[in-house]
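Okay, here we've got a single chain as structure tokens, the form predicted alone, with questions on binding and movement later.
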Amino acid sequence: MSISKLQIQHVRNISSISFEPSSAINIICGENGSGKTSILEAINLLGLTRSFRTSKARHLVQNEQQSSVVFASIDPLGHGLKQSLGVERPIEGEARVRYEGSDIDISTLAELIPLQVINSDTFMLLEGSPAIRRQFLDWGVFHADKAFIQLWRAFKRVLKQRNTLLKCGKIDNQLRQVWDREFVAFSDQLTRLRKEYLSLLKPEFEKVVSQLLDDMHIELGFSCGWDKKRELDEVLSNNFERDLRQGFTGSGPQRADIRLKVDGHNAAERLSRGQKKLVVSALKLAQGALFQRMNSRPCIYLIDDLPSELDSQHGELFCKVLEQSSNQCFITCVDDSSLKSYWHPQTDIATFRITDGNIALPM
């Protein structure tokens, strides 16, 4: 998967720019506020119809405009066949996605443009709530198994119905058993897919970590969302009165989590800031490597302010891992001089400088 041409209109301070990125490494440099991160946001908009910095379209759309628009020529299967893709995100209403002249939905778009974002928010994979780690895990399961999205939607529907009944305060026992059976059935399937995916991700993660953090063992574990020593139907039955008082279901896949430990301790509490960046980056890089192995096509990486939190040694190691893959990368930095020496001379690198929302030709 790669983007061969990109056109961005009305994204933050970018009025209109167009450029042809490298299929390998693209470095976008400029002063703070120049618009370099806005280019990454635009690519994220192209793949997911939203920004990774804000959920509110009015903050993304340029002042005095009604919508942001991104067009691209893409090669989704890596066969050298260019396809047209366009996404419009209005201030009000739903996004519109057009692919080869036809409207497509967001799940189809996500399959076309497999995106990985590495920025300051990526630290939340270690420091944030379980919901962030579930989202990371489910991205991988979504791309690994075609049945996942329908299964996930069915589970969310049953969870919503069960929680609605709990909030009512009084539930007919027979009706509760009906919804509990469905809840357990979907939960078991969803948990099985998550476990299978994580078992495939672990060796990829360990490989990348060994390249970035020598002599450090990071244990990657999984919590299914309930006591693994007991069956879920037993847990639901035993916890029913508590769930009824709280008005929501306290156990199940909606509570699943990934656990990362160093020497038996929570990684978030043991690692330095720089080590944390390398660990969360290793998770993203490993996920991209597994995606490529399973789908025979690479991801697109959006890496905001790569040099931050990393010394020169680990910055170079990070870049070596990137160039060993066949992923298309868009990397922002204030000054690209620190990155110039990190790459192999044969690596296809395009450097763009952006000033006040305007982009210069490759340097």
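Values in this document were obtained by computation on a predicted structure and should not be read as measured data. Numbers for residues come from their place in the sequence shown, where the first is 1.
Another form, the form predicted in complex with a small molecule, is not on view; read the next lines as being about it.
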| task | Consider residue 47 of the chain shown here, and say whether it contacts the small molecule in the predicted bound form, taking contact as heavy atoms within 4.5 Å. | result | no
| task | Tell me, yes or no, whether residue 37 is in contact with the small molecule in the predicted bound form, where a contact means a heavy atom of each within 4.5 Å. | result | yes
| said: Although the partner isn't part of this model, could you tell me whether residue 31 comes within 4.5 Å of the small molecule in the predicted bound form, counting any heavy atom of the residue? | reply: yes
| Given that the partner is absent here, does residue 326 sit within 4.5 Å of the small molecule in the predicted bound form, heavy atoms only? | no
| note | the small molecule in the predicted bound form has a heavy atom of only one listed residue within 4.5 Å, and of 62, 338, 308, 295 that residue is 62
